[in-house]
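Okay, here we've got a single chain as structure tokens, the form predicted alone, with questions on binding and movement later.
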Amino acid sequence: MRIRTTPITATAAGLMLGLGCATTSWADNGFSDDVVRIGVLTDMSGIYTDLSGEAAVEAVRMAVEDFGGEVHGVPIEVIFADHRNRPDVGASRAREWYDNDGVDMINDLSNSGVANAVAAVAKERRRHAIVNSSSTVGITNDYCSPYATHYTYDAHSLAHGTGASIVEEGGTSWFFLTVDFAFGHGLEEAVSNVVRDAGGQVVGAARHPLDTTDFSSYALQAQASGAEIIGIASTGADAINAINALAEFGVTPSQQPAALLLWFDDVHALGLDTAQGLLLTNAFYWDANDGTREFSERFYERTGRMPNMAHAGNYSSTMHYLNAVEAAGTDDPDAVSEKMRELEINDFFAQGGYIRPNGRMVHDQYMWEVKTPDESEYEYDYMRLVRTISGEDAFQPLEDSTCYLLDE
């Protein structure tokens, strides 16, 4: 078994130049340059490094190793780079990888701006890109192509998973704590529409700058609103700081925070004393069943941490891509795209998952509630399942997609 891993930083000049992969020619065996090369384009040094980063690279490496390290006798190689949360850097790296370094598929793609930019390059260069760490719905709409796949979650599934489920459970009045830029506005708007459509009401919102550390005034506004649900339309450090403030300054017993994009890592960072009672939608939880536990324990042995949904998605999507290459008998992008849409996904991450013509991988989502400290029985025993949301209900209906492929 041969698995070659070559780290590439965002500032490095292109390695392996002259491989002759800028064109779309394939050898007699059906494989360009006699290697299947996967690039993990992720945040290795910025605000999302704990959510993706090196752990995302390890998830892809695990999939390659479990697949056997080669396909039809051709070795599989994993490389990685840091996009620095800049769409221009991400797009430039994607072009270099596709044109000069023989990369067949790019995975992870944390940061929505980077994901959209790389998806556009993937369409131009006719190479694959799989998004696992970004919420943008652009991948299956304006930036769609036969070569772009959105795998783990998106903003639509978060809005419909958390918003609709909570209203159906009786949480009908909402107030939002929203990060004041496009991501937060879009998430607040999406959830607000879902809440209203489900018969609930939005009583107000407080918007805060990115990287806010003092949430005291915003927490007091949320408390004064009297809303049953405090929707936290942010992620990462902002979401953690908002939740800490709500716990410190207090919301009334009749109010419950709902995190619209919270990761398992965030729950771990908050601790159960602070996070208890939080509602969140996630596509994966390490302790859901025997399959998730088996993968997660192996992942923990390699990384010293439990995987989040993006890590699990990176593993599953890499395995699905390689299964499609094996079924196609080639790494020709068009043949692989066809097989990716034909093959059903059945693993620890998804059962009965499938990829729509616009690139959306459809699979169940789950709403979780964070346990109290007394309910937690062992290490990392953080969440209990509240509701399973079918993929058909969670993701944007195909008829609402603006993907040009649906008109063909």
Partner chain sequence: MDIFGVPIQAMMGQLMLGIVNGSFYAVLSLGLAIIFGVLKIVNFAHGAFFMLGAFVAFLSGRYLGLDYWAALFLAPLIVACIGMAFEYLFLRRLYGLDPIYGLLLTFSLVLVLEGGFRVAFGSSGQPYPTPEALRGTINLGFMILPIYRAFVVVAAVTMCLATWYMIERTRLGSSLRAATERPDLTQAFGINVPLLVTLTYGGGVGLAAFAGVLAAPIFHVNPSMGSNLVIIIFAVVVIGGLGSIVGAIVTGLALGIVEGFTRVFYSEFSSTVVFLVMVAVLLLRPAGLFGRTEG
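Numbering follows the first chain given and starts at 1. Just so we're clear, the structure is a prediction, and the values are computed from it rather than from any experiment.
The discussion below concerns the form predicted in complex with its partner chain, not included here.
Proximity of residue 364 to its partner chain in the model of the complex falls outside the 4.5 Å heavy atom cutoff. Residue contact check for residue 288: none of its heavy atoms lie within 4.5 Å of its partner chain in the model of the complex.
Using a 4.5 Å cutoff between non-hydrogen atoms, residue 220 counts as a contact of its partner chain in the model of the complex. Interface residue remark: residue 50 is counted as part of the site for its partner chain in the model of the complex, having a heavy atom within 4.5 Å.
Screening 241, 337, 173, 292 for any heavy atom within 4.5 Å of its partner chain in the model of the complex leaves a single hit, 241.
248 is the sole member of 297, 124, 248, 189 with a non-hydrogen atom within 4.5 Å of its partner chain in the model of the complex.
Between 190-198, 221-229, 102-110, 133-141, the stretch whose residues reach within 4.5 angstroms of its partner chain in the model of the complex through a non-hydrogen atom is 221-229. In the model of the complex, the Cα positions of residue 177 and residue 113 lie at least 3 Å nearer to each other than in the form displayed. The pair residue 130 and residue 210 is at least 3 angstroms closer at the CA level in the model of the complex than in the present model.
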